[in-house]
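In structure tokens, the next block holds one chain alone, the form predicted alone.
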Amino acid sequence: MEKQAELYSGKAKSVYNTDDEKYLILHFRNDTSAFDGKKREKLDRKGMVNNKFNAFIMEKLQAAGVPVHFERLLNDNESLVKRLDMLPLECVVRNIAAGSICRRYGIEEGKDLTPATFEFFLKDDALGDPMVNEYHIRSFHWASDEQVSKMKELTFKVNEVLKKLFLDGGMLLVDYKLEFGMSGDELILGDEFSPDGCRIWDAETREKFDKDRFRQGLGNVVESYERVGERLGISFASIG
């Protein structure tokens, strides 16, 4: 598979065309950012760690019956993925209260949410990724009713699979965001799943292992990502 021109560069990943129009290459960079890009830094090894973390999770989800765009690792920082027509929405599931839901509703961080909550956000950095509901989605034609239903179904399926996976590693999956796209008529999980886009706490101490370490200046960001991976059985050995 030949890597061609850059298609898109985001906050922490770059996307490249290939010589096969059905596939793209995701390049995970060492960049990290928070607060809509107001806080930025390069963290050594972060791209490699997130690339391999994402590959592991995507393979687990695919084995559980969740359709994913991930195809295979190419090297330490790059993966081959299916090209999707992405929907402009983020799907967020929260098992424990943390982050914006606490600020919005005055809820104490750490409160168990039973049942888990589901929220849609419009993917638009300029607007601050505002929360939207299904009426907005229908009125502005961001997704069909069928796509909305399928996104919710798959997002909760992911929750079922990953809550157990993390708990088996002595960790709590606090919350996470997913993005979906279309491949023909099929809705498929796209983007990535890494500690950049979810919250993970130690099940005993509730120590934070995720991007909140960067947001809150707690330090040891990449080291914490690696600790999560090691508990799950992810190898971070170089693959060239």
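It should be emphasised that the depicted structure is a prediction, and the values quoted were computed from it without experimental measurement. All residue numbers are counted from 1 along the displayed sequence.
The form predicted in complex with a small molecule exists for this protein as well; it is not shown, and the discussion that follows is about that form.
This chain is displayed alone, yet in the predicted bound form one of 144, 133, 139, 100 has a heavy atom within 4.5 Å of the small molecule; that residue is 100.
This chain lacks the partner; the member of 177, 27, 60, 213 within 4.5 angstroms of the small molecule in the predicted bound form by a non-hydrogen atom is 177. Contact with the small molecule in the predicted bound form, judged as any non-hydrogen atom within 4.5 angstroms, is confined among 152-160, 121-129, 75-83, 107-115 to 121-129. In the predicted bound form, the small molecule sits within 4.5 Å of a heavy atom of residue 197. Although the partner is absent here, residue 71 lies well away from the small molecule in the predicted bound form, with no heavy atom inside 4.5 Å. Though the partner is left out of this view, residue 92 does reach within 4.5 Å of the small molecule in the predicted bound form, counting heavy atoms only.
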